[in-house]
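Okay, so here's just one chain, in structure tokens, the form predicted alone.
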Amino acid sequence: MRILTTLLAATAIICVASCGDKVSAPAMQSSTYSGPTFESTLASAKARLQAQMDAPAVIPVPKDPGGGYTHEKHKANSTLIYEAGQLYKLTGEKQYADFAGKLLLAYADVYPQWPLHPAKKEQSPGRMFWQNLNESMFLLNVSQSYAAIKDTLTQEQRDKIETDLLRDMADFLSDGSPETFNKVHNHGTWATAAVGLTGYAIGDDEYVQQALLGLDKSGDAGFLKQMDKLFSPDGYYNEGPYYQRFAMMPFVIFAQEVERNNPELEIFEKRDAILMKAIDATIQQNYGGLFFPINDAIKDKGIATRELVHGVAIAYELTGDKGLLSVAQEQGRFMLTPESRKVSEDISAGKSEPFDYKTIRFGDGEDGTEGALDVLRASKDPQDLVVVAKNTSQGLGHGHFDKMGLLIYDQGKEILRDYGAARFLNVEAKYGGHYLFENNAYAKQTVAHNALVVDETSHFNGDVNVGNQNAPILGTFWDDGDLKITTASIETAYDDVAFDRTVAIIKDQAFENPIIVDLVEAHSETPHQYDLPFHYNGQIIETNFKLAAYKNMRAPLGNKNGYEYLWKVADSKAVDGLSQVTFLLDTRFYTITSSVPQNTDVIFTEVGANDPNFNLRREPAFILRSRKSDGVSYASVFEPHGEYNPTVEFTLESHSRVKSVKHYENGGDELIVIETKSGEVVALGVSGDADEAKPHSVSANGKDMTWTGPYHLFHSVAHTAGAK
């Protein structure tokens, strides 16, 4: 088979696109850059505004929720005002200042008369928009524009805009909405940044101090408190990467203005340069340009969002880190700012270097003590195998109930996936673009993730307040040569069940590609049902058991906690304590081989039951289900293998190399032994003790396997390079 692989190598060279081979990020760097530039961005903005400048201002009376005409029109107008101000600052051409002034005056004419929005949301409604979050975003844009053009306005025009628009809106967002303004939350970040920028724009330090320190200026709320509370010391944002990128824009834009006006605050040095760490952490939490979709996340969001484009440009101005240039290259867009122009110029000058993607642990919580997001990368190539272990805290109201859940990526694609959020953002026909009912009912429930479910009940019984008080206990995080591994445990997700999970990427000559070892154990003294879902992405190819499919009729898998949304499409029993499922995604095969208790059910499901409005995506999964009186152990090997090429019509190594996976234990010491069909044996020793000098031993098939330290990789006998 390997000879055939070699013979076909030349063929594969001519079919990179069809074969799915990815060129690594370092190879993609070039001194010749042919993508978008700042100058092309500037030209596009000029053309866009030129088409609008002679048209009358259209300021509709607020009516529609998110996605509706009035909502989108006001958003578009705020962008026009912002861009006009930036173009004036960049070019000095007064026509742009005149256009921005015209729109600002038009809004000043009507804004004071607007009551609360008729489609106001259930929390913190706005006047121009259905929620005041959008009002904050509007003010953040227009206050920057006003600061740029105010010297071109008459005193009468300034008084009109400042009194009837900027102050009126800032007062509404601060004193008029204290529940949002003083909240440690991304909505609070947008509100404080918008009001603070307004204060700088109109020269009113009262607004600035309220923004920095809270309405009473005590420091118990406000922008500085949010910098302390919302980020961990590693720069991880409590709500996850989707909301981290959203919050980054007000954080960095307002901080930049604070640095210009109040340099004595040393805002970018605060908490050991926490904002720079946060920008780096946001970038680290992407794969293939898209953010890890944990918690309430729209899966289409990625590093090209304007929030992070601003963040990367500002970070590059402050740090000169050339790795950020390759990120900007991948973003493929620029903002109308001087720092974005500098990024573009340095990319064109060939100064880009590959961004340093790492195997990394991001501690969660303001002190970094509330769990962590653990990211294991097989190599520096950002398109290579990546494992994300979600050992984080709950993530506030946007958090999902998936303690120690798992995501896997390979070849630029999501392989073992997370559902993300049930939402059609700004699609008015789908609940006005708001989070759907199914977000709480399915997407947040534990069974919608690759996490252990006990008795068909979600972690913390689906109670956010309880979840926010409990985080996993972290084990040792290890990145050493051929072994990258993390462990976490939790005792509070269920009343009488504690469980832990160890996930590792290992490299050994027995396998052509790196493989993943996943050990999930639950401990209890009472009987329970244990479900471990794997939400795979691809087409089932083969199993080691005979499937019994429900060909003519389907029923939901359960009636609550998300189970009611899963069709039961097939089931079977694992064979002699082994479950093996192979699926194909594009050009590569993947096999999950699991050591399971005897009589374990393997249930195949598909999302879509009890969904008459087609609000959910139809995604497949299979679930390992055991009923045990004394806890359970699932030891799985995730194996990428082979190649399928329909273009030149060949298939290589479509069958798994794994013959067996066995799990042994001795007290707190664990051993997972993997035997290949060719007789090679690879083993992983795991201990709950972090002491690197402490010895451990587990007997397997009459042989004692010993090691020191929390983990040890026993390479196959033929392996020499990097052997422990």
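Everything quoted here is computed from the prediction, not taken from an experiment. Numbers for residues come from their place in the sequence shown, where the first is 1. Rigid core (definition): largest C-alpha set, two forms, superposition within 1.5 Å.
Here the subject shifts to the form predicted in complex with another copy of the chain, a form of this protein not shown in this document.
Undergrad: Among 110, 265, 498, 548, which has any heavy atom within 4.5 Å of another copy of the chain in the predicted bound form?
TA: Selected option: 548.
Undergrad: Counting non-hydrogen atoms within 4.5 angstroms of another copy of the chain in the predicted bound form, say which of 333, 560, 351, 102 makes the cut.
TA: Filtering the options by heavy-atom distance leaves 333.
Undergrad: Looking at the partner-bound form in the predicted bound form, is residue 367 within 4.5 Å of another copy of the chain by any heavy atom?
TA: Looking in the predicted bound form, residue contacts with another copy of the chain do not include residue 367, since no heavy atom lies within 4.5 Å.
Undergrad: Taking any heavy atom pair closer than or equal to 4.5 Å as contact, tell me whether residue 615 reaches another copy of the chain in the predicted bound form.
TA: Contact check for residue 615: yes, within 4.5 Å of another copy of the chain in the predicted bound form.
Undergrad: Within a 4.5 Å heavy atom cut-off, is residue 527 in contact with another copy of the chain in the predicted bound form?
TA: No.
Undergrad: Does at least one non-hydrogen atom of residue 678 fall within 4.5 angstroms of another copy of the chain in the predicted bound form?
TA: It does not: once another copy of the chain is placed as it appears in the predicted bound form, residue 678 has no heavy atom within 4.5 Å of it.
Undergrad: Of these, 510-518, 616-624, 182-190, 200-208, which stretch puts a heavy atom within 4.5 angstroms of another copy of the chain in the predicted bound form?
TA: Among the candidates, contact is made by 616-624.
Undergrad: Candidate spot 176, 356 and 473, all three in 4.5 Å heavy atom range of another copy of the chain in the predicted bound form?
TA: No, none of 176, 356 and 473 comes within 4.5 Å of another copy of the chain in the predicted bound form.
Undergrad: Output the sequence-ordered list of residues from 286-305 with at least one heavy atom within 4.5 Å of another copy of the chain in the predicted bound form.
TA: Those in contact are 298, 300, 301, 304, 305.
Undergrad: Superposing on the rigid core, do we see a C-alpha displacement of 2 Å or more at residue 134 between this form and the one not shown?
TA: Indeed, residue 134 is displaced by 2 Å or more.
Undergrad: Do you see a C-alpha shift of 2 Å or more at residue 291 between this form and the one not shown, with the core held fixed?
TA: It does not reach a 2 Å shift.
Undergrad: Could you tell me whether the Cα atom of residue 499 shifts by at least 2 Å between this form and the one not shown after core superposition?
TA: No, shifts by less than 2 Å.
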